[in-house]
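Encoded as structure tokens, the following chain is the form predicted alone, with no partner shown.
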């Protein structure tokens, strides 16, 4: 961890823009492109950083008599002020798209996107402390924490180290007092959390698979899929063709909350009922992915709580399962 006198996020954003890199920062709705460092804010967007690596709609090939085009996006981009929960979600998405079969579209974007995360304070819906920390460096290339007018900066990846080479004369080692100040800030922020879940809940979920609680919880759910579309770790998609002899094949985000998601060509649907689909989302994140990848696929960002039109609360559901 090094120290920069001033606001490192603004300085690095300005430098990257001068080098021709497209720079994005948080806004109320999404991480949006900026053209001046004054546009950098400290809000948590409603939409996650996921779409920079795994877009909502993405052309995979252009076809005619044969495959004529395979578009890979290698544009150099940087996203500054990424929330630690969003950055950690990228680490989980890496396990889906880069392990085993490697997704070349995701790989191209991942290699050419710089993620600069910064510490934050929890809002009323956050529960990331259950899985990690608001000071987590996971998934980032550079981690920044601004405290009392100075920035604590750490290069997390090789890409991050390359960026910091341009700041060697401006960075210094922290004093003992500054290290203590950083640790005190971590403790202060941890004390602000009012929500938590039991991460080691897998055995209890196995016991509750046939419980009536899933039908009770699903009564209010409208099946809109907002929770999955705003979730930084949901990765389901559908593939579609536009055009017969000539056209494009593209993929688009899909949701396990939609009735058509599991509809088979025989017209059989193994998850026909809404409560079965809602149950699947919880089991996928907190049991199935633990069994297949070794990780809970939730980062505690709270978006699915704050934006759910029916008031379904993932924390309350998991607490009910625990009981």
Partner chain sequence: MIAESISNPYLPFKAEIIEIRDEVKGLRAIKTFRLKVVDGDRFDYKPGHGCLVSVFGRGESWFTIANSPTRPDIEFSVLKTGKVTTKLHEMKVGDLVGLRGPHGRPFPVDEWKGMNILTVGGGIGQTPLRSVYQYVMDNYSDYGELTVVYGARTSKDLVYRDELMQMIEDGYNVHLSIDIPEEDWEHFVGYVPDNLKRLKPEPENTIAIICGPPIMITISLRVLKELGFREEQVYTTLERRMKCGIGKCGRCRLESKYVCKDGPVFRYDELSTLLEKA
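Note that the structure is predicted; figures quoted are calculated from it, not measured. Numbering follows the first chain given and starts at 1.
The protein also exists as the form predicted in complex with its partner chain; that form is not presented, and the subsequent description refers to it.
Residue 236 is the only one of 199, 236, 147, 156 with a heavy atom lying within 4.5 Å of its partner chain in the model of the complex.
105 is the sole member of 152, 135, 127, 105 with a non-hydrogen atom lying within 4.5 angstroms of its partner chain in the model of the complex. Under a 4.5 angstroms non-hydrogen atom cutoff, its partner chain in the model of the complex lacks residue 27 among its neighbouring residues. Among heavy atoms of residue 278, none comes within 4.5 Å of its partner chain in the model of the complex.
At the 4.5 Å threshold, heavy atoms of residue 43 stay clear of its partner chain in the model of the complex, well away from it. Under a 4.5 angstroms non-hydrogen atom cutoff, its partner chain in the model of the complex has residue 251 among its neighbouring residues. Of the stretches 159-167, 237-245, 177-185, 113-121, only 237-245 has residues with a heavy atom within 4.5 Å of its partner chain in the model of the complex. Contacts between stretch 56-79 and its partner chain, counted in the model of the complex as any heavy atom lying within 4.5 Å, involve 60, 61, 63, 66, 67, 70, listed in sequence order.
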